[in-house]
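Coming up is one lone chain in structure tokens, specifically the form predicted alone.
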Amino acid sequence: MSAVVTRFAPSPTGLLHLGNVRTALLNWLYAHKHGGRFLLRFEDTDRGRSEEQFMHAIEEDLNWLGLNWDGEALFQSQHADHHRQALEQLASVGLAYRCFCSESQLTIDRKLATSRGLPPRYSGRCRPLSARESGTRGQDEPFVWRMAVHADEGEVVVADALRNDVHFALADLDDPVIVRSDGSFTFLLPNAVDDALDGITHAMRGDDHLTNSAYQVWLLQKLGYQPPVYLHHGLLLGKDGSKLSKRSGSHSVAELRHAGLLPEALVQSLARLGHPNIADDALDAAALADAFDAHHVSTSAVRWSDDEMWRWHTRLLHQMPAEQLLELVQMHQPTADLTFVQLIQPNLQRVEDVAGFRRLLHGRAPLGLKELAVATEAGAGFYAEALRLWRISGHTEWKAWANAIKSETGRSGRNLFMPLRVALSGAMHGPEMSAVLACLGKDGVDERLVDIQEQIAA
């Protein structure tokens, strides 16, 4: 295999969403699996919609996800001269032509074709025009440029590493528009020419581009370029099987970052969608690249799951070095220390859950409404007796203290443990009570038992 070069080529007209990220990730994994290069190219020729702020946002998102690209970011607009030269080359040999048909004429032609049981493709009305007549009319009339692809015979073969060779009969293809009436290029020509100029060897993208690939292979071959090998993966759908949207679970990367998601959780969940063969212990980008096998990527559509993404978040949170987690925790609880983090780490679903354990840090932290209800039901007398036994026990062993309280108050099971848990930790679920006592120490337990009686009284 020659040196692999893949690319991610977003249009800087908005923020990155999950479908974009999956395509970027698959191309990144393929390049790194084969020791190749991964390029970032902004398709910025839509001047009306392309914005610099979106370019910066896309770069920020990719960096946050760890999807580093090789070299400087590329810009489609830098190849504008090559795009015009390609159009001129095609037109000079009759493989591109001006089309003067109005929208109303196109609509009529499509309806007529449909009524005859034919596909509603372009009729080819302007294709027979001579170069002279076309040029003369082009001085006064609006027009688009089309590629002259449609033919009664012949085919285009798209080399696809996931689907083998995909054959398209030219009779089934249209004469697609490649330049709009305002002079701007559509996706087809610049994207294909840029891939050739940038040395792209492999391009992974959704199977909704499969027909586009047929047009681009035709185009590149007519221009004398070698088309890349394509890998058309199945699309990413919402949980309900519909096209991914806000309603069905789509998010921008910025939204997920602001929600506190670990970037590795998004990478893990997206990498495994439609690729179930990745080992469960491939927990970083390098391990994912080693385990990645493009031939196992599904050609069928896959469904997105927020739940699976957050399960990965929780798993990675539990496996994170405590020193690293401490930095995240201190963003929510500045006084947190390593002992506190090590105590609660197995009980966190998200980093912001630390707020529920703030009583472990601050002995006078107020209880939440549910926790206060538990404490109130137990009563100040229960806590007074627990405090008395704590002070005379001379030790900090959980079982012995709990048994003593049980003996004196008659409480047992949940009715005994839950009031003590909320008083000491501020939460109804959390670390083992023996670990809580060890963390708080004798004075810490004393302070919280005194405070809980005051909260009940208030």
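Quick caveat: nothing in here was measured; it's all calculated off a predicted structure. One rule holds for the numbers: they count along the sequence shown, beginning at 1.
What follows is about the form predicted together with glutamic acid, which we do not show.
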{"query": "Proximity to glutamic acid in the predicted complex (heavy atom, within 4.5 Å), stretch among 141 to 149, 183 to 191, 301 to 309, 337 to 345", "finding": "183 to 191"}
{"query": "4.5 Å heavy atom contact, E43 and glutamic acid in the predicted complex", "finding": "yes"}
{"query": "Non-hydrogen atom contact L18 with glutamic acid in the predicted complex at 4.5 angstroms", "finding": "no"}
{"query": "is_contact(A9, glutamic acid) in the predicted complex, heavy atom dist at most 4.5 Å", "finding": "yes"}
{"query": "Close approach of H332 to glutamic acid in the predicted complex, 4.5 Å, heavy atom", "finding": "no"}
{"query": "Contact residue in the predicted complex, chosen from R350, R163, R205, R110 - any heavy atom within 4.5 Å of glutamic acid", "finding": "R205"}
{"query": "Of H209, R121, R257, R137, the one that lies within 4.5 Å of glutamic acid in the predicted complex (heavy atoms)", "finding": "H209"}
